[in-house]
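Next up: a single chain in structure tokens, the form predicted on its own.
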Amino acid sequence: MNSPLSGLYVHVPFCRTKCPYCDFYSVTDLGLMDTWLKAVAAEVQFYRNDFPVCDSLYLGGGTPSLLDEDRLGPLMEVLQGEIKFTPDAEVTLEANPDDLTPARLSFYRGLGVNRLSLGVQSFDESELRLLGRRHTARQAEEAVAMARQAGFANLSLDLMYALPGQTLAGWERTLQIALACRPEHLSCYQLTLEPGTALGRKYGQAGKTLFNEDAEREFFLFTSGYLEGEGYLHYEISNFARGESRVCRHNLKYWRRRRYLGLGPGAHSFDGRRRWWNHRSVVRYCELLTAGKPPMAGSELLTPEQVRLERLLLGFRMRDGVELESLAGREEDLANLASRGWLRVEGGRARPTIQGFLVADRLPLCFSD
């Protein structure tokens, strides 16, 4: 049964520069910010009655920390005026380390932001240059210190591994520096050369990685073992939290197929049955809303079998796995996967092991008809 509490995502599609690895929708024309802000205020009007109460708000991008006080303040005022948030709502803002100042962090706190997600990616200077990041390793560490001084008690760091030329020892150094910051949450992603990105074109392997399967496996297993040894819970393939209370409440809604509303160009929404998504164009998005029309580019309603397989696909990405009743009649398949060390049956659930995480995308196929 879906919880009546929803999550709200707002896509801030602006960046000063486009990172060579990133395929998230963003533009570098900051002159569109005010038009976009008006469009978001118009879009939320379409859904205020369908998503009346939220317990999470996630400002993602793009680069939300590019929004100055004169834009972020009105945006939060609109959202909080149209959507009711629970008193304990998780409010996350993604930020680039070089955008942060003590005054800006204090402003975020005053707006109700209680969780920062910092796009660090690496603490190695050569890797940061390769990734086109604007900050230095020192700036990243200083940003964490400033956030702590401003009163933020829930920090998440984004890191990337399996980078061109990176060694396991180099990755371990980045993790060591990250852990010295004592973040409550870490997201560790393997670099994938996405189609249409500068790195994808440079290496001519769009959609692939730079390492062979054995090396990828080594990076992944090392990361999991290292962070769990330091007290982090490996609760989703790419995500680690310092205990259950620090998992990302908002992202859990995606993985558990809970209700969420996405505002902004390219954003996705899900009402418990139907999923829809907006145009990946700031200009088109704003044009439609200025004309009083929703900016929807498409939608889908899954069949019962598609829903079942999606539950498995998303569930096997998480440490909690899936309920055994969703695998009724597939006991032989379940026993086979357990014997291979990919799943374990525990507490009425089929939970992926660390080896199961490595083949998570394949697990649902083992239960398909």
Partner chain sequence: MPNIRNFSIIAHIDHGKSTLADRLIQATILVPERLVRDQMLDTMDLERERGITIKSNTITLPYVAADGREYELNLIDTPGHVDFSYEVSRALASCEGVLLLVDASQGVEAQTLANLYLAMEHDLEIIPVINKIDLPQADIEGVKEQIRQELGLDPEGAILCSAKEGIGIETLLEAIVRRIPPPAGSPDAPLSALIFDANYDSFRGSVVSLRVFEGRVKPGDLIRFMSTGNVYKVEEVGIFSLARLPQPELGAGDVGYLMANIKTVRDTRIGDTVTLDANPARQALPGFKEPKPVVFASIYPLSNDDYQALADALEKYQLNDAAIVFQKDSSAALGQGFRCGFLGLLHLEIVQERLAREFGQSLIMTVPGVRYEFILTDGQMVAVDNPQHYPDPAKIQQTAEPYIRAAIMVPERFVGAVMKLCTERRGENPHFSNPLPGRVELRYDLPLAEVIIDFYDKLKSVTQGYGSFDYDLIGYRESDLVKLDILLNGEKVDALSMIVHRRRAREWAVRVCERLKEEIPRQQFKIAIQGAIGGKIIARETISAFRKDVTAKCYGGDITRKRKLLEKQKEGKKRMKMVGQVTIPQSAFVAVLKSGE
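Numbering follows the first chain given and starts at 1. This is a predicted model, so every value here is computed, not measured.
From this point on, the text means the form predicted together with the partner chain, which you will not see here.
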Open item on the list: Within 4.5 Å, heavy atoms only: does E323 come near the partner chain in the predicted complex?
Closed with: no
Open item on the list: Residue-level contact is defined here as any heavy atom of the residue lying within 4.5 Å of the partner chain in the predicted complex; does D70 satisfy this criterion?
Closed with: no
Open item on the list: Within 4.5 Å, heavy atoms only: does D88 come near the partner chain in the predicted complex?
Closed with: no
- [ ] Although the partner chain is absent from this view, report whether R317 comes within 4.5 Å of it in the predicted complex, heavy atoms only.
- [x] yes
Task: Listed residue (K38, R48, R340, R344) with a non-hydrogen atom within 4.5 angstroms of the partner chain in the predicted complex - done: R340
TODO: Tell me whether K18, L168 and A198, taken together, all sit within 4.5 Å of the partner chain in the predicted complex, counting heavy atoms only.
DONE: no
TODO: Pick the stretch from 227-235, 282-290, 241-249, 268-276 whose residues have a heavy atom within 4.5 Å of the partner chain in the predicted complex.
DONE: 268-276
Open item on the list: If you apply a 4.5 angstroms heavy atom cut-off, which residues in 305-328 are near the partner chain in the predicted complex?
Closed with: E305, Q306, L309, E310, L313, L314, R317
